[in-house]
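Before any questions on how it binds or moves, here is one chain, the form predicted alone, in structure tokens.
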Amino acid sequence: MINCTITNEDIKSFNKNGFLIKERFLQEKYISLFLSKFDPLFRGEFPNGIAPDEQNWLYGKDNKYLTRQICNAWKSDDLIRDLVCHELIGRILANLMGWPGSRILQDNILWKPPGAKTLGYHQDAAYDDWIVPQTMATCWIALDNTSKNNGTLEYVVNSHKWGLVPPNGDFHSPKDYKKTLNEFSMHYNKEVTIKHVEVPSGGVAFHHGLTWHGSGYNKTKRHRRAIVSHCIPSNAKFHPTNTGGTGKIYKKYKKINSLKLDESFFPILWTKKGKKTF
């Protein structure tokens, strides 16, 4: 299904820039199969009979120019699960981050149709303060050819070294999607260099949880779709008190008198000791 080799030079590049981009990742024969999942999922059709944890767009209800997002479709569809919980994704992210292993925190099914609006600049790890340690790494898989004009993912080079900043400003469809980034960089005198993820369908980008990123308008007549796996260390636990960020949604999976993350909801993808959930 996927094929990717990470070299020592790749790890050095990731540590330097806060991201790593590869043009080949998902095998071509699977791309159309995953694309066929988007329309039914956004119509509320879930093969496993289990609704995802978040669905930010529905047919007949929401503005057609909004970027469409579903979180944790892996619970709803086995094929999505096989991709976002793939052992290789867990191993790559663990090696890039220096973790003993990886488990999935959540996935994203992202659909930016022609004319779709923006996603504000942010850091992924800023939203998981309910996890200890508060960290994250992401695998972003393109299902369409991506370009600056169709609202592809944008990274701020080296921004993973700026430290953790609490969430601030609009995330979904702000008019000025760089507002929070520009305010922060001006206040702290940070140099902003932006890298657009321009890859063919099946390409991939990995990024650090502290890397600032966002996406602009889709100015083309083509759809821009992606599947994303957000991972945390395999030995991560619930924070004993914090419920901020996405904890308002996901801390419902916490067991009484335990800080352990249950593999039924946060599957282990890979560990150095060979453990995995699926």
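Not measured: the values here are computed from a predicted model. Position 1 is the first residue in the sequence shown; the rest follow in order.
The same protein also exists as the form predicted together with a small molecule; that form is not shown, yet it is the one meant from here on.
Checked against the small molecule in the predicted complex, the candidates H160, H122, R91, R81 yield a single residue with a heavy atom inside 4.5 Å, and that residue is H122. A heavy atom within 4.5 Å of the small molecule in the predicted complex is found for exactly one of L26, L41, V228, L210: V228.
The small molecule is not shown here, but in the predicted complex it comes within 4.5 Å of a heavy atom of L110. Although the partner is absent from this view, L153 contacts the small molecule in the predicted complex, with a non-hydrogen atom inside 4.5 angstroms. The shortest heavy atom separation between W140 and the small molecule in the predicted complex is within 4.5 Å.
Screening 57-65, 245-253, 212-220, 27-35 for residues having heavy atoms within 4.5 Å of the small molecule in the predicted complex returns a single hit, 212-220.
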